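Coming up are structure 1 and structure 2: the same protein chain in two forms, each one given alone as structure tokens.
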Structure 1
């Protein structure tokens, strides 16, 4: 009787087996691996060498405040910190109230706050205490949120009040003695970038919803007007829209009405983003089952009521991921205001490059701006994915 001897498999587990399976499974995969390793080395080696030896990172440290808030008056800095405390508090509150949905953003907020506090402490900057306060606020309000009555309603109200509140805080008012007005021309840096993003996104949403509804309307004049608006705006580059807002808008307004540059850019962003929001919302509207309209009709709801009460809430819920995406893309797009002369992060970078002591530090400055956007977008993507998971978008 013959026995067939089966040899044991050579390697199944362990790091060597992993290498074999994932990097050297076939001859061409082995080739790819070596090419990739070579490419990685030839890119990383000079880059790391440069960042350790040649790079003058002092340009960032010396101008950090400028990058963050631009020419915003330094003695009014506490207002910006207050905005951050309030945001931290709101995130904490939402975490306590909505649990899973807000946990992603809370973790990001806490992590970033702690990291900034450590970083500032390490470099000996005094702002570490502010970050510590922000983190503490977040945690305290988390506990508050857990035991708050009418929590969900109150938190929603707080969020709705937050954005106008931020505007009041940053812009100030002549009527409030402790909040002297700060002209918009002085807003700058990351502060301006974020404000433009928030205004562009939330300001364009109502117009976007109207345009989306209009595009699906049975009334031809309304429908073709909306189609025309959406397609024209989507067919031209954002810079031309911003340029138009900067140059043409004053022409279209009554004589003597001259809104500030920042305000004009905001209007440009709202008009631009509305067309894209409309397409997002239209996607949501199309995903609603016909049965929903018919059921609403059978219950005796009028066209308007069924749209507002039945269709829109479901449609908006369905497009939450798309709305998060457009938040990120608008955040990136705000960097174009540098072209029309607003002092956002990028433009501040260019003005820093003009300082005589920091000539030739292009790489450092642009890499820093690059990392600001990248870090923010990574964090935002992480947080928004948690929200989508908790909402069960796309799973129901």
Structure 2
């Protein structure tokens, strides 16, 4: 009896293989694909025709800087570029150190930088060189991260120092001559949106962890205080929290302490988001098997050490999708700051529409805002998926 050697299947990875597998695997799938493409083209044809003939895209080109940084002093624009360079360098360093866990964000950074550089070069804007520098910095720091001693520890420290460093660079300080203070009222556009998102999420996560642990506490005072806070905050809309932070927060502070409106908005986002982060973290804590607690006790660890070193890291890993979902949700919710007088992307768009030379360009302005929100959310979603894959979330 002769044996026939069966070769293993050939797995081809790439865009053509994906198209063949998902869109053209059978004749009827190919037919459905062509029908769907025809229907999509028929639906979008008027919009494409309008964008090429009637649309006045000059409103975006003339106000692009306003959309990006608001009324931030133009002579201090180098500080914003320095923040971008540092972010690109840290993403590249993280890619070199943490490999697959940060590769998704590195790909996003390189793709966005290259796209912006080409776009600026095509329109003749001088900022194309800045984006090229950012991409180069990312690649150089990637190579450095692969051979850097104590790389993981140093990268973590750099990320921790980056966020207060960003605030110092953007806000400035009276004690540093090269960084004159910039009023927070001048912050606006995409710069303000991203700062509110980052501060709101990273500021609320530690508070949310404490609330989640407090809700599971055996001390009645701590437990019911945390439950009351979480349920009250989750029971009211974000608009009321922003109004409370803007109007009522100064009443609880000394007379000579009046935080800027941007700081009040940041506090409102932190207080609001912490309640939702607490429930995300509590779900992760409940997913941990009782055997993990018993193993920590068998090693002689105290309750605090077992929570910090064993239980909490596993719980946070389990809720990575929920944490990223909160990040994306808050990024969109920052548009509500317009009601307390801050100039985010949407309010900048409304102010542009009030200019006499750009009357009637509502579709162009709001379509541009749509692509900003959609593009960033798509990038966050792709990056979160890569992090989940690298951490093995949902896999045994």
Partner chain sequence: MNIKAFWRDLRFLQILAQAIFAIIFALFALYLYSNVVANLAKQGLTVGYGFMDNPASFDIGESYIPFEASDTYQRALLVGLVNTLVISVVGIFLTTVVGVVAGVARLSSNWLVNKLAAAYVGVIRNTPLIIQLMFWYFGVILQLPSVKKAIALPGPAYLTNRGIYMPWGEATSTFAAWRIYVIIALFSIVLIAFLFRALERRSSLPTPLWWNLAYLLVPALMIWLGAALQPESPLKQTIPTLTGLNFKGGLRLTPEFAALLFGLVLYTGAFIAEIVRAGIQSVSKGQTEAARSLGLTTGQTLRLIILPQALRVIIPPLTSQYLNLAKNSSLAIAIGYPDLFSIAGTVFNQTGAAIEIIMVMMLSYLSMSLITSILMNIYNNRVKLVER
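Positions refer to the first chain, counted from 1. Bear in mind the structure is a predicted one, so any value in this text is a computation, not a measurement. Rigid core (definition): largest C-alpha set, two forms, superposition within 1.5 Å.
Here the form predicted alone appears as structure 2, and structure 1 shows the other form of the same chain. After superposing the rigid core, the Cα of residue 33 is displaced by 2 Å or more between structures 1 and 2. After superposition on the rigid core, displacement of the C-alpha of residue 115 between structures 1 and 2 stays below 2 Å.
Taking 2 Å as the criterion, residue 300 counts as shifted between structures 1 and 2: its C-alpha moves by at least this amount when the rigid core is aligned. After superposing on the rigid core, the C-alpha of residue 20 is displaced by 15.7 Å between structures 1 and 2. In this core superposition, residue 42 moves its Cα by 6.5 Å between structures 1 and 2.
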